[in-house]
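Next comes just one chain, in structure tokens: the form predicted alone.
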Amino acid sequence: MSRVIVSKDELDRQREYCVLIGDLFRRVKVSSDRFPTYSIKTYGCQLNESDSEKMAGYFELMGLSENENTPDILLLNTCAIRENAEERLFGNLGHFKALKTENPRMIIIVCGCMMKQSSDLERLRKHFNFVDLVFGPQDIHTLPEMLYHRVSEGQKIVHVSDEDYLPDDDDLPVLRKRRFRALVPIMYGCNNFCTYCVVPYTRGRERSRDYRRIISQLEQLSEQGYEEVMLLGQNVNSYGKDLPGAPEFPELLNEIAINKWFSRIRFMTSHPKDVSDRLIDVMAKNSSVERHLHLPFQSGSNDVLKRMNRGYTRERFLDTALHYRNEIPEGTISTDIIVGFPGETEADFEMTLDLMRRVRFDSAFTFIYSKRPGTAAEKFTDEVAPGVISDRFSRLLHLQNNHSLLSNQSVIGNLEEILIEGISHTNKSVYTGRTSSNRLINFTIPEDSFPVDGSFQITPDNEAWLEGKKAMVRLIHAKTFSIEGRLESFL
């Protein structure tokens, strides 16, 4: 696949299609009494979330409003990283077919990484012919044009490009879901070809955005009042390496920090082979950069790492993780771990547990190996028995849960600054936020409705005001995956 820069003229042309679609919907309403609505369901990573925000931006330009329950346009943005994400989508499509039966003019769109997998695309064509529009993750900038032709001509459209398109994000409309955090991709794609991973095949080769355009976009987001930015990429540490003479990721991160545009600067994901001492130094000297490093190690065995084509050894990983611990002692480290990769022996697994004990990860995303079509590991024949995998996974979870709980217990009693994210999904009287070290804090506000300025009172009518505000919270009770706290003051 080749890298293609999408021009501003092309993106302006897509905006013109938004106007045309709006006119079309005004002339031919889906129902007699209202303008069409849309809903987007996102599967997978934060880059998918960012893509969905752009497509929502397009829908808003068309004049559509969001409707989660009975949308006229339903867009499903898919993930191909793990098999269960695919099965969840295909399982849900039956329900969506029923919705379309109730509303025959409903348009169902399926896009994202799964559509770059030939087996998934063929399955969709063969068994789910009620889907109206299909495209890949590189094609989202052409959504208005494709949707216009679908609506005006009535033909189903499948358009999955082979090109690695790179439209600049600040030329795309974006409807951001969060008031406090802006998701900002700095690069797309991956060149690593880990033997278990489909990302290089679905997202394409690494493509860094222009440094000056990123800086300009971030400055604008700061002026709009965002307190936090999340820099995104399949491997942010590779930023700039495909642009001769461009600053690399540590320089970009430092530039953002010294301009003091944001209270917090987060980023993910880092690849261990590309994390440098220079990056850790930038993190250490700039307090606005999160005190958290997501560093996926996948396996503690050099033999397994080699078969995974990870490009580093356990010794190199340990050096990086322990250097971070030494330079940023208040920081946290999270990781990804795969259990049951083909050929994994008990000795290999014990080395994974040993590395976990040495680093003591504060949190971890743990996975059972999932065979992905088209990857090198798909052809590996030395599969680990399901019973063995189950036993190992249980042992690994027990160890990691213990480490996570001890990590949270170590900060009990502290008064921490958190950025409020909103109301807890499970308890409407509890608010949620994160510390700079990425600890999840669920906290209460005293019953007398703590005054902000001597007169302001927290009520259900203005509770949305809290989102994006900073507060000092006393940490009072540790759980495995979160900490309970009590608000003491707003900042």
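All residue numbers are counted from 1 along the displayed sequence. It should be emphasised that the depicted structure is a prediction, and the values quoted were computed from it without experimental measurement.
Another form exists, predicted in complex with a small molecule; not displayed. Remarks below refer to it.
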Q: Select, from the options 280-288, 120-128, 335-343, 242-250, the stretch whose residues sit within 4.5 angstroms of the small molecule in the predicted complex by heavy atom distance.
A: 335-343
Q) Looking at F317, F267, F262, Y196, which has any heavy atom no more than 4.5 Å from the small molecule in the predicted complex? A) Y196
Q) Which of these residues, N302, S222, S370, N401, gets a heavy atom within 4.5 Å of the small molecule in the predicted complex? A) S370
Q: Could you confirm whether G331 comes within 4.5 Å of the small molecule in the predicted complex, counting heavy atoms only?
A: no
Q: Tell me, yes or no, whether P296 is in contact with the small molecule in the predicted complex, where a contact means a heavy atom of each within 4.5 Å.
A: yes
Q: Look up in the predicted complex whether T142 has a non-hydrogen atom within 4.5 angstroms of the small molecule, and give yes or no.
A: no
Q) Taking heavy atoms only, is Q234 within 4.5 angstroms of the small molecule in the predicted complex? A) yes
